[in-house]
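Laid out below as structure tokens are two forms of one and the same protein chain, each shown alone and named structure 1 and structure 2.
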Structure 1
């Protein structure tokens, strides 16, 4: 069964709302969107939700995800507090910690894969 665009989006919006409702009911320290994603994921795994119901709408959204980041960046440059906060020492912290995070993950995973390959031999 294939659903129209509108219904596909309504299902996704429904899961988002469900996530928000659960977060506020049980005061979970996670954002509603993430809870909604986990719920939809569980729904897909348990076959309560058929992937065909939402596939078109979700792949459309993920294809144009970049569009949704552009307003954030534009808003950043328009905001008046932008230059007050951004000083050279903070910029250094941001750059160094981003690289630490990036390389920390990459090298740990590579090291783990190597270790596993050696074990397999």
Structure 2
């Protein structure tokens, strides 16, 4: 069953709001978005949520995710207090963590592609 793009987006927003509601009701020290993502992940694992129900909307969001960070990063660099907090140790941590993130992503994608090719044979 394929759902419309708008209904898929509503499902994703629903998990976001559910996460916020749970966090506010139980005073969980986590952001509501994280709890919503965990609930969505559990729903996908238990097959309560079919991947096809959210596939289009989630692919669209992942495709354009970097656009959402551009105003934040530009605002951070234009802030006068950013230069005060930027020190060499923080800069080194940012560079090393960025390299680790890139390598982790690259190895994960490579592993996934190998797994996908093996299943296709």
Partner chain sequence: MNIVLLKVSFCIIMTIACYFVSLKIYNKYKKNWLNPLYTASVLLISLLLLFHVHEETYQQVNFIFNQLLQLAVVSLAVPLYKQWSFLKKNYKKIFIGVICGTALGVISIFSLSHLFHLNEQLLASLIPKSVTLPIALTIATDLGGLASTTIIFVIISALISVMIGPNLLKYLGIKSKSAKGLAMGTSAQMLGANRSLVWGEEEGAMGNVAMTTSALFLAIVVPIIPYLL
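All of these numbers come straight from a predicted model, not from anything done at the bench. Residue numbers count along the first chain shown, from 1. C-alpha atoms forming the largest set that superposes within 1.5 Å between two forms make up the rigid core.
Chemist: Report the structure number, 1 or 2, for the form predicted together with its partner chain.
Modeler: Looking at both, the form predicted together with its partner chain is number 1.
Chemist: Residue 94: after superposing the rigid core, is there a C-alpha shift of 2 Å or more between structures 1 and 2?
Modeler: After core superposition, the C-alpha of residue 94 moves 2 Å or more between structures 1 and 2.
Chemist: Can a Cα shift of no less than 2 Å be assigned to residue 14 between structures 1 and 2, given superposition on the rigid core?
Modeler: Result for residue 14: no, shift under 2 Å.
Chemist: Determine whether the C-alpha of residue 62 shifts by 2 Å or more between structures 1 and 2 once the rigid core is superposed.
Modeler: No; that C-alpha moves by less than 2 Å between structures 1 and 2.
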